[in-house]
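The chain that follows stands alone, in the form predicted on its own, written as structure tokens.
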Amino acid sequence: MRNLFFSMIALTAIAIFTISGCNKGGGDEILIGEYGSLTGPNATFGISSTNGLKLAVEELNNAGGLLNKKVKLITYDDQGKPSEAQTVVQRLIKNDNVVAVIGEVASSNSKAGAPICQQNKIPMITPASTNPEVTAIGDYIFRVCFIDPFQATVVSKFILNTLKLKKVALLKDVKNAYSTGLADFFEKEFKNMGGEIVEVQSFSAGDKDFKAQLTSIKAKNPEAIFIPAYYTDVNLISIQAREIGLTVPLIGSDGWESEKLTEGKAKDALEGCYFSTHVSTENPDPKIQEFIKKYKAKYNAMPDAMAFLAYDAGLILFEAMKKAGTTDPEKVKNELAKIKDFSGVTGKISINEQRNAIKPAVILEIKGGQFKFKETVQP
């Protein structure tokens, strides 16, 4: 804990130093804003996405920059709070005069920041917010990830067709737009495919005791439990599920993907469980393996899906600016809407009429605390 505390102080100091330097850029630089959870319960999301985006900016600048200028990234920590997300996005646009914004990972925070970008006609690209309502906010809001109706279909097919299970319980976070939205899509899709939802229970992010909900679920004898939530809560839920004798597989979604998911007793509790996400580091694709190599060299860590997606978000934004021949927000927005078959590290990306990416998903299995490739599901 002591090391984590000092690491977070260091991260905050770096962010402040970066921001203060960026404000002096003037007309010689292209200012891009980013907001994410660098601290708080889901900090690995923000740290990973920032690292991926910084790598994209560094490579671009090393190759000569963009439109004969260098790109400066201004990053603010929203602490994982929607209210803070609103504050920092406002600051990026009004104080720092950024021409585009990248963020957030969490759908609730993207839904807080996106209206400000839309009102000010500043393009925003979320790397990983999967709730459909995010891009529905307006024509300046884009994403480079799949959306939850597709993720719900992927998980439903996997449970029914691959695991051959039909009776599933559902445990969702009622304070989280990502969790409630995905839970609703899953419940509808799973039933349509012939599955049975035997119990629905809920909790609130930050809860520490889940045994009442898990006991109710256990009484209904499910064959699996679907938990569309973030890794911090899932870590505790998995441990408590095993403590009360619930031995069925736990199935999750992309919010599970963090090295902290399997910390402590959760390593054993989650053995043989599965979750859907955006990319597998075991994929032999040269683009993926090259990105892993660069990321590990710079950060001495293995990238997760958030790092891959933020890197792609940066690449797509730069591509749109190149095609527009300007950083004019309206022209960049128009070019973003035209992206088709862009070759990113997470695969070919096409933006549809709803400004969502058409992308495949992967299922990963947890073995020995590691995330191992299971299968790919195409859109």
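Note that the coordinates shown come from a computational prediction; the quantities given were computed from them, not determined experimentally. For every residue, the number given is its place in the sequence shown, counted from 1.
The same protein has a further form, the form predicted together with ligand PHE, not shown here; the description that follows concerns it.
- Proximity to ligand PHE in the model of the complex, defined as a heavy atom within 4.5 Å, holds among M306, A114, I125, V155 only for M306.
- Site annotation in the model of the complex: the residue of V88, A106, V234, I102 reaching within 4.5 Å of ligand PHE with a heavy atom is A106.
- Using a 4.5 angstroms threshold between heavy atoms, T75 stays clear of ligand PHE in the model of the complex.
- Taking the partner from elsewhere, T130 is found to have a heavy atom lying within 4.5 Å of ligand PHE in the model of the complex.
- When ligand PHE is considered in the model of the complex, P228 lies well away from it, no heavy atom lying within 4.5 Å.
- Ligand PHE in the model of the complex is not approached by Y311, whose heavy atoms all lie more than 4.5 angstroms from it.
- Judged by heavy atoms within 4.5 Å of ligand PHE in the model of the complex, the contact stretch among the candidates 247-255, 290-298, 165-173, 195-203 is 247-255.
- For the stretch 38-56, the set of residues having any non-hydrogen atom within 4.5 angstroms of ligand PHE in the model of the complex comprises only F45.
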